[in-house]
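As structure tokens, one chain now follows by itself in the form predicted alone.
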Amino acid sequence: MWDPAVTELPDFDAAAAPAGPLALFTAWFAQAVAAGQVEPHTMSLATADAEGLPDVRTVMLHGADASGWSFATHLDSRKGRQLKARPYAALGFYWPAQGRQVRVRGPVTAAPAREGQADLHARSTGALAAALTGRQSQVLGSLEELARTSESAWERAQREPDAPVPTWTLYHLRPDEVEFFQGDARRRHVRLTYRRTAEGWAKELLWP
């Protein structure tokens, strides 16, 4: 399952895991970076539409803190519309350099508009240009139309680095459950799950 030439499977002492999932996620993220994991901040985002049909795509993590695991998109994009209809989502991280996965799921809320704009303007010129291009998930007439619109957006992003994008929205997923998966060469994978309860976080091991 993992090529030993590119993957090193570390030991994971679940009994020594911290009381809450955020501290463990932060540690694992740093370890993934140190292990040379390419783009560790990318994650799968799963949502469902108004009929309950699932959807999934790869997006960028914008932060993980007391507010939750954060990502951003246009309010009128497909995932924005799905989150409005069903404000609950799941995230999946896969870090093959260490045979690790992290799964997160819980309710999603939109941050205040000022936070979304601050998040956007803290990113690159290209990110702002892409946001200004807009129309995410809408039908595109031609690649030439995209090129023209994108070029205009790039010019504006360079000219107005604080240009507002009203539809750009920062979302926070507040986890109900977080699972940490550590792969094992003999398939004795360690799965530790945190479940939110009225008293705090409950930890449980799961069969692989």
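So that there is no doubt, residue numbering starts at 1 and follows the sequence shown. Because the structure is a prediction, the values reported are computed rather than measured.
We do not show the form predicted in complex with a small molecule, though everything after this point is about it.
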| query | finding |
| --- | --- |
| Residue 137, heavy atom within 4.5 angstroms of the small molecule in the predicted complex | yes |
| Proximity of residue 77 to the small molecule in the predicted complex, heavy atoms at 4.5 Å | yes |
| Any non-hydrogen atom of residue 57 within 4.5 angstroms of the small molecule in the predicted complex | yes |
| Contact flag, residue 168 vs the small molecule in the predicted complex, heavy atom cut 4.5 Å | yes |
| Partner-facing stretch of 154-162, 65-73, 179-187, 22-30, counted where any non-hydrogen atom is within 4.5 angstroms of the small molecule in the predicted complex | 65-73 |
